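Next up: just one chain, as structure tokens, the form predicted on its own.
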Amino acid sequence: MDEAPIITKGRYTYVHDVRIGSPEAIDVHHISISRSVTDFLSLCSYALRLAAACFPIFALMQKTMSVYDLLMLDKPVAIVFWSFVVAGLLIRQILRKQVKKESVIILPAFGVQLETVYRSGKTVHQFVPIDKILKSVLNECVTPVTCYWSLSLIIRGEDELLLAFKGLYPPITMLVPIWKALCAAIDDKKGADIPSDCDNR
């Protein structure tokens, strides 16, 4: 039975896209995250707290007369204004580092490309040759406050696992189709005589 091309669960959306390539089809798996109204409200709350924290800092800067005069901090309205400006700049930096989408692009004859797209528009690519990938694994990660699944690659000559998704924590239902596709690509490269770890899963 074929996997569903699109899976939506909570804030995460998984899209499976197969593109025609040479010599084989390119298997593309995207996972994106959408921001909710709750996220926006919590961000506004965070901005207000930052502005409140900046207020006493600007009030203390009144002792430095040159900065005091430059920013017109003799007026309470100016202190409030500059507090919100600083809070806004900090929030902007936080938002720029948030991950919008992560992709696993499988090129069966060549390797796997991991792609991360940030909300700032920055895109980071990492390519791993297929002959360096020993195995793909699903790990259950447990922390004191949460539990989540991660998809990793075991790389020849590396001591640490390579995470496929570094900024997102998608549910297991979205990771399984990607894991199976990675297993199939790795097993095809190794040869059909080697039993697959993905059988009967």
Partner chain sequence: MSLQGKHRILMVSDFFYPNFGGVENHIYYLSQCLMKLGHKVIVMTHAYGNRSGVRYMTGGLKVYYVPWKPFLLQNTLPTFYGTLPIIRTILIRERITLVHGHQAFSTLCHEALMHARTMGYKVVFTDHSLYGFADVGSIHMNKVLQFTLADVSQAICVSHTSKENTVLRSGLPPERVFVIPNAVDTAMFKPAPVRLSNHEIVIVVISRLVYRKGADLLVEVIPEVCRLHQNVRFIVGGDGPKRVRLEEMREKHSLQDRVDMLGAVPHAKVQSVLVTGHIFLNSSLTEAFCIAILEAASCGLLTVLPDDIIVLAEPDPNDMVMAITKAIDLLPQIDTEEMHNRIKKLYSWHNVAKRTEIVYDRALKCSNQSLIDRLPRYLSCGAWAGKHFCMVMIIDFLLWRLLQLWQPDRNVEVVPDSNLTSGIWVQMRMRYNW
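Numbering follows the first chain given and starts at 1. Keep in mind the model is a prediction, meaning the values are calculated, not measured.
Beyond what is shown, the protein has a form predicted together with its partner chain; the following relates to that form.
At the 4.5 Å threshold, heavy atoms of Val176 reach its partner chain in the model of the complex. Its partner chain in the model of the complex comes within 4.5 Å of no heavy atom belonging to Arg19.
Within this chain, Ile172 lines the site of its partner chain in the model of the complex, having a heavy atom no more than 4.5 Å away. At the 4.5 Å threshold, heavy atoms of Leu138 reach its partner chain in the model of the complex. Residues of 134 to 153 placing a heavy atom within 4.5 Å of its partner chain in the model of the complex, in sequence order: Lys135, Leu138, Glu140, Val142, Thr143, Pro144, Val145, Thr146, Cys147, Trp149.
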